[in-house]
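The chain below stands alone, shown as structure tokens; this is the form predicted on its own.
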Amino acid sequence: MNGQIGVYICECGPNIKDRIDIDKVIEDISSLGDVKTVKRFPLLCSNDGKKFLEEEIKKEDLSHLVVAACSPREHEKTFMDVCEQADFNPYLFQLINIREHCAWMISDKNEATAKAIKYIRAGIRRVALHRPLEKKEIESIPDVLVIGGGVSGLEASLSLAGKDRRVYLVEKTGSLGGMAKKLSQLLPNQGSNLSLIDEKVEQVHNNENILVSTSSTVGDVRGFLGNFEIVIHTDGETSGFRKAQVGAIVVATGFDVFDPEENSQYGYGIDNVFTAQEFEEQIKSGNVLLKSGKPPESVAIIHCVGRKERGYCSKVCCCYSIKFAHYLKDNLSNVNVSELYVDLCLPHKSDQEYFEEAKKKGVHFVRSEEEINVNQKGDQIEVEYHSEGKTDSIVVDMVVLAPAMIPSGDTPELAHLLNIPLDKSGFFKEIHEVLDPISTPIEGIYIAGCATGPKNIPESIVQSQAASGKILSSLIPGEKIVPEVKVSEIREEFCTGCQTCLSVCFYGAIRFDSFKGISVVNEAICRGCGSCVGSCPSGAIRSKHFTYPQLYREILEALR
């Protein structure tokens, strides 16, 4: 191996060249016995720089490669691609960050140069122990399982289904459409009527590439991106189960609503106290009536029901409560409408105009500083609230409660089945709320719509399209997939069979071989996080490309 390591230093324009004495670095590194060549280049990540590096790898016949440049996060893949272009195993390469860690951190040029030399030496010592790793291609299945037949599930199914991709749509109720089908009308920024939902349901039923299973649940899921085995259980007249294979899963299980009976202060159970869902049904029927059969002359709409108990705002309740007020004012002559809220949430620009229009129609908006209490008062209902430091009340004929959106009832069970986490509110937890709101830690399983938290219909549709886009770009019919290469491996001779690794493996990539009495890593599922490596009491597990000797050599040299 002596004399076969190539070291290439990027000037990065003035970023490294002006802050580090590169000539001094070259002089020092050239004296090392394992180093065959040390060269500099103005900008290695440029097209000219990549071409130069590729030609150098071939010309110098290198065994290992070290590039001293910028952050691996920024250009490690760039240089690994160059290695592959040169028919050089990319895992025999090491990128050393002398820009962020030296040039940009240390103002003194001599100190920055000395630090860069240490880091490059450390990289050379480490890379000498690198072994070539080979990528393995595996067959993948382009079909997709969509769990949930609401707006998000419908959108995902229609976006994904095609000539070469079948979608298994599983809905636990007897029909498609979810909560949206129960609405009387959509909000102004969501469309003029509910034909949007009906059209999507019809399109799904008419699509021969979408297999719909209503009154059904997912009973079992095993596998990984490109190769999941699923079992679908169906109840009713066609009860039984179906096995299928899919490459990805979209979880679009929607939401349930807070039960106001959990807190007696809301008065649910008193005559003429309705939930928003019950009031939607009245609007749909065209008959907003009291239990006596008469139309109400006064209505109180109470926001934020269950918000304190759940610990979050449901985002959409204020807007649909204003929708109720518009309906009452437009359809019942001389009705007095009051809206009582703790905090008013109007997230979109058009919502403010909608709110102002309601006020112009005579809707009274009252902010309560504390809890709102609902009690029977003769044939009517008294709503007590706290405003401007004093307690006040109104007496009305009807009360409409706007309950919080909560996770679907089977969310914990499904999270356990799929091995994906929940957030502190009980919804499915995304990788990152802003940067990656539809991915889970399990590659190939995506979440969309209100399964991740309260959303309106347009937001749910956009999330479903984003999840579909991820799948369409990663599972291309006829193409194989390449799993992670830098995975964990278990040395059988050292494994004691304690199974500690099984309990810490978040991806479910490790199983216990009872015949041999050892743990075994499924490399197609492993993501190389290293949790099992750190937890193994016998030291039987190591991470490829991050072995103890490699890390020890690197750290020892850096600390000299």
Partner chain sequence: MKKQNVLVVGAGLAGMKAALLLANAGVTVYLLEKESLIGGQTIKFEEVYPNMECATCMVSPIQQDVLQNKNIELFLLSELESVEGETGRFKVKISKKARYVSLVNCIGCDACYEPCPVNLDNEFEENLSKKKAISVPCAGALPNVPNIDPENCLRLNGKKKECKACQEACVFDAIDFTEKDETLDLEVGAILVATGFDLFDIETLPQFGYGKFPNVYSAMEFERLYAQNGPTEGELILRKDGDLKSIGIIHCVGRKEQGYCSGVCCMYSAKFAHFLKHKIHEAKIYEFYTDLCIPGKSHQSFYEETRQKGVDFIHNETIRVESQKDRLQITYRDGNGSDSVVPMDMVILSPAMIPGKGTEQLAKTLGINLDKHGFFNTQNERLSPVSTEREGIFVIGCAEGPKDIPDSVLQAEAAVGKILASFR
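Positions refer to the first chain, counted from 1. Being a predicted model, the structure only gives us computed values, none of them experimental.
Same protein, other form: the form predicted in complex with the partner chain, not shown, and the subject of what follows.
Engineer: May I ask you to state whether Ile147 is within 4.5 Å of the partner chain in the model of the complex, using heavy atom distances?
Structural biologist: Ile147 lies outside the contact set for the partner chain.
Engineer: Looking at the partner-bound form in the model of the complex, is Gln352 within 4.5 Å of the partner chain by any heavy atom?
Structural biologist: Gln352 belongs to the contact set for the partner chain.
Engineer: Please run the contact check for Asp330 against the partner chain in the model of the complex: heavy atoms, 4.5 angstroms, yes or no?
Structural biologist: Looking in the model of the complex, residue contacts with the partner chain do not include Asp330, since no heavy atom lies within 4.5 Å.
Engineer: Going by a heavy atom distance of 4.5 Å, is Leu43 a contact of the partner chain in the model of the complex?
Structural biologist: Leu43: yes, in contact with the partner chain in the model of the complex.
Engineer: Within 4.5 Å of the partner chain in the model of the complex, do Arg166, Ser488 and Lys544 each have at least one heavy atom?
Structural biologist: Answer is no for this spot.
Engineer: Only one of Arg126, Lys323, Lys172, Arg99 comes within 4.5 Å of the partner chain in the model of the complex by heavy atoms, so just point that one out.
Structural biologist: Only one listed residue qualifies here, and that residue is Arg99.
Engineer: Which listed residue (Val221, Leu344, Val257, Leu133) meets the criterion of a heavy atom within 4.5 Å of the partner chain in the model of the complex?
Structural biologist: Going through each option in turn, the one that passes is Leu344.
Engineer: With the partner removed from view, which of 374 to 382, 265 to 273, 416 to 424, 285 to 293 is the stretch that lies within 4.5 Å of the partner chain in the model of the complex, judged by heavy atom distances?
Structural biologist: Looking at the other structure, the answer is 416 to 424.
Engineer: Output the sequence-ordered list of residues from 280 to 312 with at least one heavy atom within 4.5 Å of the partner chain in the model of the complex.
Structural biologist: Those in contact are Arg307, Gly311, Tyr312.
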